[in-house]
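Shown next as structure tokens: one chain only, the form predicted alone.
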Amino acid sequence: MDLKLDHHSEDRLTIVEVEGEIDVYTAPRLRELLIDLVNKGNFHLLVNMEKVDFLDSTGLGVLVGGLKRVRAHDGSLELVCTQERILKIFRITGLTKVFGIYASVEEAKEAHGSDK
């Protein structure tokens, strides 16, 4: 399976739509997109993972790397994910304490708006 990436901005939040598998072969594309967005001044990212079928350690590393990049600019990288098999990976690795994880884009936007 391939990886489809798209992004758009709403207010000060950049929403990254991810679909497919994030693995050792496809993760570099996500990494490049996150780096490009940060380089262009997008420091508040929301990665929608609702259509992600698979996530491996390489993909986790890309997300953590993206988080470090935005935090260097007092930014945020949060996730939308309700799939149990993906959430389990975040729980096992302890990354639920690192990332804000929301059930929907709307929920994340509301939370983002209320803390700014």
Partner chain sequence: MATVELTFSALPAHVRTARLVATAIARRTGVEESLLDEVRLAVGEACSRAVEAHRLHCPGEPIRIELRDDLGRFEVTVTDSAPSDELEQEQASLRFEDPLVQLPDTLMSGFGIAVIVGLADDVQVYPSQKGMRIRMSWPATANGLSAV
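Note that the coordinates shown come from a computational prediction; the quantities given were computed from them, not determined experimentally. Positions refer to the first chain, counted from 1.
Beyond what is shown, the protein has a form predicted in complex with the partner chain; the following relates to that form.
In the predicted bound form, Arg29 stays away from the partner chain, with no heavy atom inside 4.5 Å. At the 4.5 Å threshold, heavy atoms of Leu79 stay clear of the partner chain in the predicted bound form, well away from it. At the 4.5 Å threshold, heavy atoms of Glu50 stay clear of the partner chain in the predicted bound form, well away from it. The closest heavy atom approach of Glu10 to the partner chain in the predicted bound form falls outside 4.5 Å. Residues are counted as partner-facing when one of their heavy atoms sits within 4.5 Å of the partner chain in the predicted bound form; in 39-75 these are Asp53, Phe54, Leu55, Asp56, Ser57, Thr58, Leu60, Gly61, Val62, Val64, Gly65, Leu67, Lys68, Arg69, Arg71, in sequence order.
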